[in-house]
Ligand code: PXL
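In structure tokens, the next block holds one chain alone, the form predicted on its own.
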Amino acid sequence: MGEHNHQKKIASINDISGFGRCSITVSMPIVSYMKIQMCPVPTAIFSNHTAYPNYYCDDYTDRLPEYIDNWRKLDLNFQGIMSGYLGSEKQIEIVKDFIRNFATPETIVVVDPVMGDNGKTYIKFSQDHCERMKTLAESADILTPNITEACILTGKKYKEEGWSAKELKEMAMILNDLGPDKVVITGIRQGSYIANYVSVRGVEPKVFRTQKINRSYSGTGDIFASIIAADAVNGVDFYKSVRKASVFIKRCIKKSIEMDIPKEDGVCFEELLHTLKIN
């Protein structure tokens, strides 16, 4: 049934937030704009994400096997598979199974190992959950942890600033050794800059810096991973892609501040989507 496979496709395994720009809610328009069909695998449906004081959540864990099995019956092929927030160890295993069943040697697997931020693991995630996430990272071609998540995956002690080149290189090498050929550690504070540390197996690491803006927004990691995944499927150079994603997010943050967007609402990327280069 190959008639469904004439266009590039990325399967995104993540939650859907009706309000508050994060997860599939930002991935779908960005990947679609970059001329790739986005196929969502919803792990949960949120009225709005959990940074708000109240929210509704419908967990989809038990429905995922049948949902995914119907894709198997359609004989769908994916040039990319990306995963984001996974709310349980069972969901992590479902993603690993999805990769085993749908990834071909040409499929690019991007894992955003969402577990924490600002030096803290998210409340509902246990040590076992974090260890299980490490096994998912082993399946990735590209891994996009923030500095907190990189520390969790490598067992390193978190610090807000003061990371040396040697420390970052050691951490990145541990992450590469888990399996992914390409790793980018995001959100590293370096004085008046925010740095992304890029490690490609067998190549000397590079650091990309942008001027720090003293305001953070929900969902920027999802935007970053979406651009990285779409660019990878489109054959864009990895270093070029990291720089593109970093600059785009900075512009979105500045525009969101200008428009007085609350931080939990996420950045107003819609205002600037037309500036995102496709290749």
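Numbers for residues come from their place in the sequence shown, where the first is 1. These figures come from a predicted structure and were not determined experimentally.
There is also a form predicted in complex with the named molecule; it is not shown, and the following applies to it.
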Using a 4.5 Å heavy atom cut-off, indicate which stretch of 31-39, 235-243, 206-214, 48-56 touches the named molecule in the predicted complex.
-> 48-56
One residue of Tyr197, Phe78, Phe98, Tyr85 in contact with the named molecule, assessed in the predicted complex (non-hydrogen atom, 4.5 angstroms) | Tyr85
Classify Tyr122 as contacting or not contacting the named molecule in the predicted complex by the rule of any non-hydrogen atom within 4.5 angstroms, answering yes or no.
-> yes
In the predicted complex, Ile10 touching the named molecule (heavy atom, 4.5 Å) | no
Is there a heavy atom of Ala140 no more than 4.5 Å from a heavy atom of the named molecule in the predicted complex?
-> no
With the partner left out of view, is Val267 within 4.5 angstroms of the named molecule in the predicted complex by any non-hydrogen atom?
-> no
Using a 4.5 Å cut-off on heavy atoms, what residues in 6-34 are near the named molecule in the predicted complex?
-> Asp15, Ser17, Cys22, Ser23
